[in-house]
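Here you get one chain, nothing else, as structure tokens; it is the form predicted on its own.
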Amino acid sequence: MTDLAKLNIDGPVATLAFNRAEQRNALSIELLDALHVKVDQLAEADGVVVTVITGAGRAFCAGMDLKQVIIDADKGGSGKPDLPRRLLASLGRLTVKIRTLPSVVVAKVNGAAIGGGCGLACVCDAVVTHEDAKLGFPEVDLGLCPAVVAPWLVRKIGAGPARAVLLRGGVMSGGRAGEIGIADVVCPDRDSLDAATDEVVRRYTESGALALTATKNLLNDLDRSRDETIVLRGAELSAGVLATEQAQASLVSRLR
């Protein structure tokens, strides 16, 4: 069976890839479980200065797996009422684990980063993407509440801009994501993304590893990134909204 998450460590650089290309790397409970395993390995790995997170295929991460958050099996869902809550809680815990890795984490957003996928990008210390990538938080369009990812977007771009983005919903181009601060580096096209990411990675690997870790730890303390409580509370809030008839009907319509 193909690994749902792939981890490669090459000296000071690790690459962690979502590996559900045919499903646009949508977040299933199985993918999240696999990511927890790989991130736990990264947390214990010696000598890793930079971790690059990316997606297999042409998408970074398309957000939650609709088939797993739709409850009614007769409408294409899982038939497991507790699965959305477990999925959201797992995502919340994963965000904190990624944020608190000792290495600097770079999101290489090669394509669509939607909802939880865009949230995972915002968790990273730096985001590199290209002009034509699609990023955003369309949760309100689907009758959902982006409570798990909201704290990370607020930390990334500030409370006022985050409020505008989350309440407006929809998606934006990579270029626009750069303008509002979601993306830190925006290259012209997909073909130039590798080189742009390599340059960001090179800059970090040429810095002092201990200084990077110490600085990252300080920043995490300053913005309370280690506090798992807020994302788990957000997971409960999101799960409650997701279970409503309105939200379920909206999700079913998207699955058809």
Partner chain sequence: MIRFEDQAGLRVVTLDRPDKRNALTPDMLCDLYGAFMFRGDAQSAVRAVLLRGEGPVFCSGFDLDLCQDDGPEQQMMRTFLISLSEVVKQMRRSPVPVVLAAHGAAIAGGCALLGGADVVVAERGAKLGYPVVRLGISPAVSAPFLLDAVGPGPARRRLLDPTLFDGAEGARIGLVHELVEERGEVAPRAHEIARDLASKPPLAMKATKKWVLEVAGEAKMEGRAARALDASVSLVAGDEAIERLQGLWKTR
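All figures in this text were calculated on a predicted structure; none of them were measured in a lab. Numbering follows the first chain given and starts at 1.
A second form of this protein, the form predicted together with the partner chain, is not displayed here; the remarks below concern that form.
>> Between the partner chain and S207, A214 and L219, in the predicted bound form, does every residue show a non-hydrogen atom at 4.5 Å or closer?
In response: Heavy-atom distance to the partner chain in the predicted bound form: all three under 4.5 Å.
>> Given a 4.5 Å cut-off on heavy atoms, tell me which of 166-174, 129-137, 79-87, 152-160 is the interface stretch with the partner chain in the predicted bound form.
In response: Residues of 152-160 come within 4.5 Å of the partner.
> For D184, is any heavy atom within 4.5 Å of the partner chain in the predicted bound form, or not?
Replying inline: Output for D184 is yes: heavy atoms within 4.5 Å of the partner chain.
> Is E179 close enough to touch the partner chain in the predicted bound form, meaning at least one heavy atom pair within 4.5 Å?
Replying inline: E179 belongs to the contact set for the partner chain.
> Is the gap between R203 and the partner chain in the predicted bound form 4.5 Å or less for some heavy atom pair?
Replying inline: The answer is yes: R203 has a heavy atom within 4.5 Å of the partner chain.
> Would S28 show up as a contact with the partner chain in the predicted bound form if we use heavy atoms at 4.5 Å?
Replying inline: Output for S28 is no: heavy atoms all beyond 4.5 Å of the partner chain.
> the partner chain isn't shown here, but in the predicted bound form which of D223, D33, D198, E228 has a heavy atom within 4.5 Å of it?
Replying inline: Residue within 4.5 Å of the partner: D223.
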